[in-house]
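Have a look below at one chain only, the form predicted alone, in structure tokens format.
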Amino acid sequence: MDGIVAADLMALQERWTGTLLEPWLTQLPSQLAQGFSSARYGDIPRWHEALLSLPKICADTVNLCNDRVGCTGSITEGERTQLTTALQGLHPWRKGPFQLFDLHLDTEWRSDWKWHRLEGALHDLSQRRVLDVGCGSGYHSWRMLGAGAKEVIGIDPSPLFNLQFRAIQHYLRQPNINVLPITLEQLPSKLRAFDTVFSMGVLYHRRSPLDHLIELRDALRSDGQLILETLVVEGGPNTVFIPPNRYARMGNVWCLPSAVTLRGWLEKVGFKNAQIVDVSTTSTQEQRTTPWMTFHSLEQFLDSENATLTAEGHAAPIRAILTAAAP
């Protein structure tokens, strides 16, 4: 992994020197070393071997604006088998879908559906520096780059998701996009360096949701746009549900506000022009088990006799998208 870390540091140093992101460079070496530590993550050597076993194939075209992000080009049956085996070595694939040559990575989430729900509210990304918090394998980061962003930085603490991004990048070979194995809390305080910040599927995992909103605010320049997507519940401006134990079989869900309550929280911490863009019930067509994610998924997390309830008897997942401007 040392070569990966060194390449990241070199590319980011070239791009960030003399910019508002330069202070982050002093912390990055230790953050990357920690994020890729085999002592912390015993599967890293196996995942790294899968990455190294990817066949060397040149893409003819790269597609960042299609629902299936990826590339096209000629591939032999042997190369397809080698490609499939290598990518399956990075199982499970959560966010996507991707298309590498004639191979469709049908991921657990139809993340393109979420992108279509938010893209109408998104400010023009041309020449914008974007931060994608909790980016997973980087599907939405690729869509941001395809929408014209000058630079996209995805952050997610999972080294597996990071290596999945690198497997896609192995063929797409796009500059100005990186996924780093770190958390939002590890960014320098009050960086105020990003034009657009996305936080999708993160807030409900934070013990202190207001602190998360403050950290998002402090990563943005003044008037920069926040895109916030999270689980919510139905209700009015004072509705908040705190699951007593698990929620949809997840043990790390701390707090589910209503969309209106969440808009009030954004205003409370100083965001301007907070708006609710979309509220949608998550379906088993959007999140499901596939050959690329063979573990249990939403269908198993819901009540087997009543799909409007979770397995624990709570209201089934509803997700909201909000936008706001940083002060």
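Note that this is a predicted model, so its numbers are computed, not measured. A residue's number is simply how far along the shown sequence it sits, counting from 1.
This next part talks about the form predicted together with a small molecule, which is not shown.
Taking non-hydrogen atoms only, residue 166 never approaches the small molecule to within 4.5 angstroms in the model of the complex.
Among residues of the shown chain, residue 143 is not one whose heavy atoms approach the small molecule to within 4.5 Å in the model of the complex. Among heavy atoms of residue 257, none comes within 4.5 Å of the small molecule in the model of the complex. Contact check for residue 129: no non-hydrogen atom falls within 4.5 Å of the small molecule in the model of the complex. A single residue from the set 147, 214, 202, 248 has any heavy atom within 4.5 angstroms of the small molecule in the model of the complex; that residue is 202.
Scanning 235, 243, 89, 134 against the small molecule in the model of the complex with a 4.5 Å heavy atom cut-off leaves one residue, 134. Heavy atoms of every residue among 95, 114 and 158 are located within 4.5 Å of the small molecule in the model of the complex. Stretch-level contact analysis of 97-105, 81-89, 177-185, 120-128 against the small molecule in the model of the complex, using heavy atoms and a 4.5 Å limit, identifies 177-185.
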